[in-house]
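Below you'll find only one chain, the form predicted alone, shown as C-alpha cells.
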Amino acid sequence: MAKTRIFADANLKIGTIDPNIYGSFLEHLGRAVYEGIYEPGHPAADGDGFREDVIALIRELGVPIVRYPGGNFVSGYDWKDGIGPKAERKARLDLAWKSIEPNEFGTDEFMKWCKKTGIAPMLAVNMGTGTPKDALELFEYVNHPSGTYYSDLRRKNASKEPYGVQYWCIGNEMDGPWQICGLTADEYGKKAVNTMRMLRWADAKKADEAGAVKLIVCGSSSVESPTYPEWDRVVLEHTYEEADLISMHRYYEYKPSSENPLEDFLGSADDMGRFIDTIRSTICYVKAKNRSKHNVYISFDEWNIWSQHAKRTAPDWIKAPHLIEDVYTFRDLLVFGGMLNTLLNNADIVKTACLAQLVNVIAPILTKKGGEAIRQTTFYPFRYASHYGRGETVRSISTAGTFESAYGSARLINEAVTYNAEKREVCVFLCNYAQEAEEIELELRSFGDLRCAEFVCMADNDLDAANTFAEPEAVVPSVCEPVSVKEGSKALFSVRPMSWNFLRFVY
C-alpha cells in the first residue's frame, strides 16, 4: 500500500472562502428552466409553477447564488420579451440553441423563484445584440425603487420593491466565434467599460460601499481559444478600474478515444488550477501596468464536466428540447471532486463560481416531466463542500505521487483543507486517483486538540456506475468509522482506490 503524508497548519492560510463559490447557473437551454425549475401542472408545482421538489434538492445542495439567463442564450435575448402579462409575450427563435423560446418565464419569474428558494440572483446582460442602453434599462427595471418608466413598470408587473441585484455579468463568452454578435477584445472592452460606468452611475451606492453592485467582465471562455490569454489582458486594460471580477469558463470531458483516457480525465483538476494561475497572473500584470490599488478577482462562472462531442439528438426549433442531459458516472464524480478542491485551494482569488448548470442540463439534478427529480453522482461532493467547505482554506503540503496526463503532471492524491474557526472544525476533502489503496498520514497543526467527527467515502469498482430514474441511489456516500487522532493533530488512515473522501474534525 502506497503512503502519502499531508501536513496543514492553521497559520498557513490561502484565503477566506466566499460562499458564492458554491453558486450555480440557469440558462434558457434545453430543460433547465422549462420542466426543470418551472413546470406548471406538475404534482409538486406551486401556484407559480415552481417545482417544490426541485427547490428542496437545491436547498439541500446549499446553492447561494444563481447566474441567469445565460450563457450563449443571453447574447440574443431581449429581456423585455419576458415581462408583463404572459398572454401578451411573444415566442422567439433562440439562435444559440436552435430552440423556440416561449418567454413564459422571464426576469420577474426568476426573481420570484430566487426569493422563494433563498438564492441571490446574478444577472447577465446582453452584449451581443444588446446595447449599453438595454443593460441600463434592465438595471433600472430591477434595481431602481420608483419614479421612472422601467421601475414603475416593474411595480406594475410584479414587485413594488426593487430586487436589489448585486452581481452583474457584462455579457457572456464574447471571445467565442459561436457567440451571437461576438466581438474582438478591443471592441468588447470598449463596449463593456461604457456599460459598466452606466450601471455604476445608476447604482444607489458607491463602488466601495457595502452592497454596491459587483461587475463581472468576460474573460477567456476556453484555454483552446487562439485569443487566450491575450483576450483577458486587453479586456482588463479597458475595464480594470470598473471591474470587480473577470469570468472564467472551463469544461472537461472523458474521451475514451484518447491514448490514456482515464489518466487524461483525472488530470483535469490540476489543469484547472493552472488555468486559474494564468488569469491570476494576467490580473496582477494589468494591476501593475495601471499602477492601480484596485483589486480584481475571478468569477469562475461556468465549470463542470460536459461531453461536448456528443451529437445533438433533439429536433431543432422546439420548446425545451432534451439537450446536454449528461448522466454522470462515478468516474465523473472523482474528477468533479478534484475540481471543487481546486476552487477551494484558490479561495484568495476565486470569489464567485457557478456550477453549470443546476437542473437537467449538465446538472447535479435530473427531472422527469410530470415525474420525480433525482440526485446525480456529482450532487454529493458538491453538497458536502457547500455545507462544510467554509471559513478559510489552509495550504496543505503533500508527498503524494504523480501521474502523467494530456495536461502534464497531476497528483495521485488531490486534497483541500478548510478551517472554520466559528464552528471549530477542520475539513479535509480528498480524492485518491490511484488504482490502489493509499495510506494517509495526516497532520493538522495549530488547530487545537482535534477529534474526527465524520468520515464519508464514495468508492465504486464500476467507474461507469450512475444514478438513474430506475436506480436513483446506485451511487451514494458511505459513512465510515471516524479515524483516531493521536497527540491532538495526527491521524493515520487508508482510503480506497479511486475514491472521494470527506473527513470532518472538531476541537
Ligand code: AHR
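All residue numbers refer to positions in the sequence shown, first residue = 1. Bear in mind the structure is a predicted one, so any value in this text is a computation, not a measurement.
Although it is not shown, the form predicted in complex with this ligand is what the next lines describe.
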{"query": "Heavy atom within 4.5 Å of this ligand in the predicted bound form - residue from Asp175, Asp326, Glu302, Glu415", "finding": "Glu302"}
{"query": "In the predicted bound form, the residue from Tyr228, Tyr285, Trp306, Tyr150 that sits within 4.5 Å of this ligand by heavy atoms", "finding": "Trp306"}
{"query": "Residue stretch of 67 to 75, 417 to 425, 138 to 146, 123 to 131 approaching this ligand in the predicted bound form, non-hydrogen atom distance within 4.5 Å", "finding": "67 to 75"}
{"query": "Phe25, His249 and Ile362 each touching this ligand in the predicted bound form (heavy atom, 4.5 Å)", "finding": "yes"}
{"query": "This ligand contact at Gln357 in the predicted bound form, heavy atom, 4.5 Å", "finding": "yes"}
{"query": "4.5 Å heavy atom contact, Leu29 to this ligand in the predicted bound form", "finding": "yes"}
{"query": "Contact label in the predicted bound form: Trp97 to this ligand, heavy atom within 4.5 Å", "finding": "yes"}
